[in-house]
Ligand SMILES: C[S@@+](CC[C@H](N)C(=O)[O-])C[C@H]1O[C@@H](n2cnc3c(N)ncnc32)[C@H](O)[C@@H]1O
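A lone chain, given as structure tokens: the form predicted on its own.
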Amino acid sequence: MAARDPHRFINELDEAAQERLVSRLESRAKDPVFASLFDKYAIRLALPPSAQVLEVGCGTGATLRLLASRDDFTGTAIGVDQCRPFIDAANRFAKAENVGDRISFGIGDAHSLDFPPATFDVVIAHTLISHVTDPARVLSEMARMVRPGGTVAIFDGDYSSLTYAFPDHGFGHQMDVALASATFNNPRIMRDLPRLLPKLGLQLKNAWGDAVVEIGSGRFFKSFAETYVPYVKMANLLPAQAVDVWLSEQLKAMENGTFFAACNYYTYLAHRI
């Protein structure tokens, strides 16, 4: 069985699998290091007081909730996602955090949305572009919907850099590759953006990279491994027993303070010409 990105095919998963992904997205959003990466580009968006913001592939709405809670955000935001359970969770969480009057959520496919051209001041894809079927089509839609002079913000990982320490370096590398293959449809897409953005009428204004690293203990990468290792096994990318041993060793390393995992993440801020 070929690997199938669970986020790309989210609507084909059963309810339990969808709920596990909801938990993963919320756990990730609560990680202080990961949340700080959004703050790092949010302050550079230079939003006008009445800013209209769109997030494509919003998942459980965690990114827009962070935006709505910022003191410098006084506008409105819309999140769209293809998965009904994600949107239901997004509405539920927004109401619980008392930001439901500032943000709204709806069903939509990032490859083709109904919003008119030049509607938004900012369009965001936060850990979306690595999952979609056609990255160029999604980027084209983002460019279409942002106003001239507005900002397209793209944040995601370069998942060929994803790595966990493992005593058997050879199998450890195979497992790193298998995790990236099972989880992301486009694990190297962030390397392509400097070439793709100008073709869509987007001028790159700022870009940078950050390493997410956990040494000794693990939280962010613990959730990642526990959520996505089952997809490595389902796709038969590696022997199931060996995969189970790998995960067991990761959990032991977290307990005894010898854990190591890392991945590079990149942010691109581009203006529509």
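The structure displayed is predicted, hence computed values, not measured ones. Note that residue numbering follows the sequence shown and begins at 1.
Below, we refer to the form predicted together with the ligand, which is not included among the displayed structures.
The single option of Gly150, Pro187, Pro135, Gly108 touching the ligand in the predicted bound form, heavy atom within 4.5 Å: None of the other options qualify; the answer is Gly108.
Exactly one of Cys83, Ile103, Ala182, Ala143 has a non-hydrogen atom within 4.5 Å of the ligand in the predicted bound form; which residue is it? Selected residue: Cys83.
Is there a non-hydrogen atom of Leu128 within 4.5 angstroms of a non-hydrogen atom of the ligand in the predicted bound form? So Leu128 counts as contacting the ligand.
Quick check on Gly57: any heavy atom within 4.5 Å of the ligand in the predicted bound form? Residue-level check for Gly57: yes, a contact with the ligand.
Do His7 and the ligand come within 4.5 Å of each other in the predicted bound form, heavy atoms counted? Yes.
In the predicted bound form, is there a heavy atom of the ligand that lies within 4.5 Å of any heavy atom of Ala253, even though the partner is absent here? Outside the cut-off, so no.
Please determine, with the chain shown alone, which of 187-195, 165-173, 83-91, 114-122 has non-hydrogen atoms within 4.5 Å of the ligand in the predicted bound form. The contacting stretch here is 83-91.
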